[in-house]
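Okay, here we've got a single chain as structure tokens, the form predicted on its own, with questions on binding and movement later.
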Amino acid sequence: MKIIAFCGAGIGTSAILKVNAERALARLGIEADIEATDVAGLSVAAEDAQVILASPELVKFIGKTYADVVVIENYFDLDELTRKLEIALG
């Protein structure tokens, strides 16, 4: 399974989201490859992704995808990440 942590620049925010998504998945007992990316790299990274994690303001940059797009309001809220990933990965 592949999950994309998406942010505007692909440097700090996506790295934070990636680490916290890994923690949330550990809570759920789910293993996945999580890749941090930015707007420029998203289309390639998302080709085989099952889930894309993004903030509300970046959803408009995602475009057409077969992945579940999960909107994360607070990248530091492990409860939110855990809850939303559990729903997306069902």
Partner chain sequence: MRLEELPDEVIVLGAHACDWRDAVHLAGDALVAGGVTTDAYTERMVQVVEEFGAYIVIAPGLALAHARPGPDVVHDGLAVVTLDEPVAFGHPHNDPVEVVLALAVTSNEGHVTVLADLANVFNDPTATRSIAQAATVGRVRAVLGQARPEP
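Computed from a predicted model, the values in this text were never measured in an experiment. Numbering follows the first chain given and starts at 1.
In what follows, reference is made to the form predicted in complex with its partner chain, a form of this protein that is not presented.
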{"item": "7, 15 and 56 all contacting its partner chain in the predicted bound form, non-hydrogen atom within 4.5 Å", "value": "yes"}
{"item": "4.5 Å heavy atom contact, residue 38 to its partner chain in the predicted bound form", "value": "yes"}
{"item": "Contact test in the predicted bound form: residue 78 vs its partner chain, heavy atoms, 4.5 Å", "value": "yes"}
{"item": "4.5 Å heavy atom contact, residue 69 to its partner chain in the predicted bound form", "value": "no"}
{"item": "Members of 13-28 lying within 4.5 angstroms of its partner chain, judged by heavy atom, in the predicted bound form", "value": "13, 15, 16, 19, 20, 23, 27"}
